[in-house]
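Here's a solo chain for you in structure tokens, the form predicted on its own.
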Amino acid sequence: MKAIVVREFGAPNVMKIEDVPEPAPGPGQVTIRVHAVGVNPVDTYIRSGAYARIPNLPYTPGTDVGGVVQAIGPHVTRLRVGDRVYGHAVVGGYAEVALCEDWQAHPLPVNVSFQQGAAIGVPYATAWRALLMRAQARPRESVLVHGASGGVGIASVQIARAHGMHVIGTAGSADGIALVHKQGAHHVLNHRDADYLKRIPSLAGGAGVDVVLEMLANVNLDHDLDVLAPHGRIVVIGNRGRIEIDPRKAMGRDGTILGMTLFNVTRPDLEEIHAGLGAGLENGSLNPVIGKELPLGDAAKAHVAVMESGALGKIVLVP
């Protein structure tokens, strides 16, 4: 089969397409014939060798796929060959066939495409955990999604709206603003405008926002504290460097800054998350947006694109 293989850590061009043996499922495992695989920023950090957790070389990137169950191993009872599924935390997703534990594959409703299935794992699980588990956001609370036009941002907007929250999003282009509005945000601001932060407290009812989901903390974290309501929570989802903040801003509001990563999530947490995501996919309240679709051989181009500003939805590769 064809797969992207990384034999050394480095720039995007270290990823090469090669012929490799197909994986075979062991006990409790399934293989998925990949129709699409999602490209996540964390894939680029791992490929560069700059992430806290890196795999042994050589390896095939990719954890989020949409496809069809190709084979099942012993003791697998919840899935059958031919089932439409999306997989999260799969092994070797940038390939024609990927391997995962059976509990990491979930039914893909007929109203959801394989490309959309590949956009669920990291983005939607991240948004769900950040908003509902870490921030413990509740209906009627206000939520600021900073960087709402990307994969995690769109997921956050959709989940917040589905749970009865008042949603303010930011984006950096007219297309991004229109997209975030379409996903259900009550208000969308251009974060390139010099005074956009001044508008946020009034849009949230005057006292500030209850929850901030932050995709670029090294730029925005200190400013987030300026628009936080009393007892508000900031969840740091993305960060690309250091920043200086004034802790008194958090002290005066009894504010909380929370970090998160999916690497710390437990299996029971994941089962809860994907039960909720599955229900949202079935009833249509969750609807992944595909911004760019590229062939598998263009993995290097996808790794460049996913790190550029102005994201509009999810980037997927198609074997």
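All residue numbers refer to positions in the sequence shown, first residue = 1. Just so it is clear, the model here is predicted, and its values are computed rather than measured.
Another form, the form predicted together with a small molecule, is not on view; read the next lines as being about it.
Contact annotation: residue 212 falls outside 4.5 Å of the small molecule in the predicted complex, judged by heavy atom distances.
The small molecule is not drawn, but in the predicted complex it has no heavy atom within 4.5 Å of residue 73.
Among heavy atoms of residue 153, some come within 4.5 Å of the small molecule in the predicted complex. Though the partner is left out of this view, residue 311 does reach within 4.5 Å of the small molecule in the predicted complex, counting heavy atoms only. By the 4.5 Å heavy atom rule, the three marked residues 149, 173 and 191 all count as contacting the small molecule in the predicted complex. Residue 216 is the only one of 216, 97, 112, 165 with a heavy atom lying within 4.5 Å of the small molecule in the predicted complex. Note on the partner interface in the predicted complex: the residue among 287, 261, 256, 48 having a heavy atom within 4.5 angstroms of the small molecule is 261. Listed stretches are 134 to 142, 85 to 93, 112 to 120, 235 to 243; the contact stretch with the small molecule in the predicted complex is 235 to 243, by a heavy atom cutoff of 4.5 Å.
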